[in-house]
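There is one chain below, alone, in structure tokens, taken in the form predicted on its own.
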Amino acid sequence: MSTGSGTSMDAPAFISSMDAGRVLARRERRFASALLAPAFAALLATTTFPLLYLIWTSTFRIDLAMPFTNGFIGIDNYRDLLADSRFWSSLSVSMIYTISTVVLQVAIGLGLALFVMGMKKGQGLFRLIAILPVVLSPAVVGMVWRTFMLQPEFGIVDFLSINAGLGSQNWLGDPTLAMISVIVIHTWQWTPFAFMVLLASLAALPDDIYEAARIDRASAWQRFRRITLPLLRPAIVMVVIMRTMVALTAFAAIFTVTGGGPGTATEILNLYAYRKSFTELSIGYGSALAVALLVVTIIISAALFAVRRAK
């Protein structure tokens, strides 16, 4: 009787405690939602709404030079874009710029990380010096390189070229040299990011695997190819993804150094969209170019994330 009576007495208390738990869980969810609401509203206001407005604007002809022709034209801007040779040229420049800078950043960053891991003294100082270019504004970096590094006859790079017997070069006036220059500038500024990420990943690798490889008489190259690279693969892919998205949308350094010139030699797609919108005053077509850049970035990022998930 006592057992049955105890059970019958405990059941309501158990049910009431469950109800109290549900009420508490609902209150916690409401509190969490209240905390997230301002940030979510700010995110919508600063990203989602401008993006939707950009897509909407791309369906209009908005030409400030000829306002009498403005109006809704649907997908005509995108038809014109596909037939625009300058669009394809800027897209190819963007691809060359992105692939070159990302490959160089990963290769140099990994080399520096391996070098620093082998240092017995001075690692902290080397890291401090290496991270300095990242904290600079791309516009400041562009002005420094244009004024002090690449100036014909007076710049540091030209001074080294003259002393090496190569003569003075018009680094920003020659199409090929201008492209090489902007690739070097972007690589110089952002390689420290890849270096720091890969250095942290290298420091986290287990030592016992390398010790076993040394016991098995594996060479340094074999240890690097069979152990280091496979273990660093997730970090390398993440660096490639992040640097690719940034390189595709680069603007400030190129605009400061070359302005997209000479001609359109360094005019990446982002810069072409800017020129079309704010120099040629064709806001609708410039919006279509910006949407095209967004689509290209999404496709490339999705492909890279697929590679990251693949075994």
Partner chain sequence: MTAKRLRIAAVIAISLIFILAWMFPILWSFLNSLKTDKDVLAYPPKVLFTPTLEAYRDVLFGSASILPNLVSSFIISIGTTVITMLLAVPAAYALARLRFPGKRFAGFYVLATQMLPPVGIIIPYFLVLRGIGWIDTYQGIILIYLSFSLPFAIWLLVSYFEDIPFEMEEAAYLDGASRLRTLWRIIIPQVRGGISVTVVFVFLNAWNEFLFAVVLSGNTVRPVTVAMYNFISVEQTLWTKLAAVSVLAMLPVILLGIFAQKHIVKGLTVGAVKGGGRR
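This structure is a prediction, so every number in the text was calculated from the model and none was measured. Residue numbers count along the first chain shown, from 1.
The form predicted together with its partner chain exists for this protein as well; it is not shown, and the discussion that follows is about that form.
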Non-hydrogen atom contact residue 263 with its partner chain in the model of the complex at 4.5 angstroms | no
Could you confirm whether residue 149 comes within 4.5 Å of its partner chain in the model of the complex, counting heavy atoms only?
-> yes
Heavy atom of residue 249 within 4.5 Å of its partner chain in the model of the complex | yes
Contact flag, residue 172 vs its partner chain in the model of the complex, heavy atom cut 4.5 Å = no
Out of 90-98, 203-211, 75-83, 115-123, where are the residues with a heavy atom within 4.5 Å of its partner chain in the model of the complex?
-> 115-123
Of 220, 129, 215, 164, which residue is found within 4.5 angstroms of its partner chain in the model of the complex when only non-hydrogen atoms are counted?
-> 129
Every residue in 54, 140 and 297 with a non-hydrogen atom within 4.5 Å of its partner chain in the model of the complex?
-> yes
Stretch 78-93 - residues with a heavy atom within 4.5 Å of its partner chain in the model of the complex = none
